[in-house]
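For reference, the chain that follows is the form predicted alone, supplied as structure tokens.
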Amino acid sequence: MKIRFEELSFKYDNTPVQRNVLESLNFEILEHDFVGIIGASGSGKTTLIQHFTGLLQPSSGRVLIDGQELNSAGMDLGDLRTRIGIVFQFPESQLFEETVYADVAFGPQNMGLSEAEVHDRVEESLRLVGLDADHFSKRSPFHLSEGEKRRVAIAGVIAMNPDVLILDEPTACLDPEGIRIIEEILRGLHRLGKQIIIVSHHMDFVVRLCNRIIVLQNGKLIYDGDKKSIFNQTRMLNRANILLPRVLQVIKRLFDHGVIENSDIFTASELRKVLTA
């Protein structure tokens, strides 16, 4: 699926100060992309993702889905919202049924699938997020840990088999082990052909996963490119109040001092291999 934003601007009409929250954004999400959208709080990240499926309408500009304008008469928004799945920052905003099974089954049931198809999708979706269906199906989603709640929320979205998965701050309130599990889930979904878009201010997480990074500052796009290039743009990152991940700060210093010959490494494990080779 190709998603294109052309001169997209947006402002909230019911606010005292009438200013653009998003301003003249131009970019395209391509098939097989694994994109990180980063920016400080208030940069417009969450407002942006609500434009992907028409939850918000542009004040000006347009959104194109496979060449068709999102607001055109022929666009089926119900169908689009099964093809583009959004996992919001707080799982509780998506969990509402009495059991995990019912929660994950809700989307497929509303797609009109048979009971057998719904059952298969629930079991497969729970498997993909590392939750055993026999153990979790009858449990209340509200009695789970934060990490388990987030995984159930992801399962509920992927049960509709979307082409694109968008996650808003997927590491919020998670411990390091919970973050590692989410990383593995997203890597697995990308290998299955899903387009993944991560919206986050957690730079370490984004760098480990994404091949492309978009940076927003005060609603404006100030960078769109591969992760190898972004870390040479220290002034731009500082201006956007974004700090380099600690491991990348170390890698950059080692490279600048000639300790390592290659700076195209992004994790502590990769650095360890280089230093011990």
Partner chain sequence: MIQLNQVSFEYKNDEGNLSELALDGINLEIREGEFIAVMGRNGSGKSTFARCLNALLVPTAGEVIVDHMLTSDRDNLIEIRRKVGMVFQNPDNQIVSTTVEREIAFGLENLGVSTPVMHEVVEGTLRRFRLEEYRKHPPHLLSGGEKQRLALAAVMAMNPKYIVFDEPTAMLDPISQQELLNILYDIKSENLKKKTTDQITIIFITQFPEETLRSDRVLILNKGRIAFDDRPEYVFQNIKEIRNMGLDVPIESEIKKMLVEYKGLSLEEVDELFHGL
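The structure displayed is predicted, hence computed values, not measured ones. Numbering follows the first chain given and starts at 1. The term rigid core refers to the maximal set of C-alpha atoms that superpose within 1.5 Å between the two forms.
Missing here is the form predicted in complex with its partner chain; even so, the following discussion is about that form.
No residue of the trio 4, 65 and 115 has any heavy atom within 4.5 Å of its partner chain in the predicted complex. Contact with its partner chain in the predicted complex, judged by any heavy atom within 4.5 Å, is made by just one of 175, 120, 79, 184: 175. Between the options 211, 234, 241, 229, the residue in contact with its partner chain in the predicted complex by a heavy atom within 4.5 angstroms is 241.
Remark: of stretches 125-133, 139-147, 107-115, 155-163, the one touching its partner chain in the predicted complex is 139-147 (heavy atom within 4.5 Å). Taking the partner from the other structure, its partner chain in the predicted complex has no heavy atom within 4.5 Å of any heavy atom of residue 26. Mapping the unseen interface onto this chain, residue 90 counts among the residues with a heavy atom inside 4.5 Å of its partner chain in the predicted complex. Using a 4.5 angstroms limit between non-hydrogen atoms, residue 247 touches its partner chain in the predicted complex. Mapping the unseen interface onto this chain, residue 265 falls outside it, with no heavy atom inside 4.5 Å of its partner chain in the predicted complex. Residues of 183-221 that come within 4.5 Å of its partner chain in the predicted complex, judged by any heavy atom, reduce to 201 alone.
For residue 72, the Cα coordinates differ by under 2 angstroms between the shown form and the other one after the core has been superposed. Residue displacement note: residue 92 has its CA displaced by at least 2 Å between the shown form and the other one (rigid core superposed).
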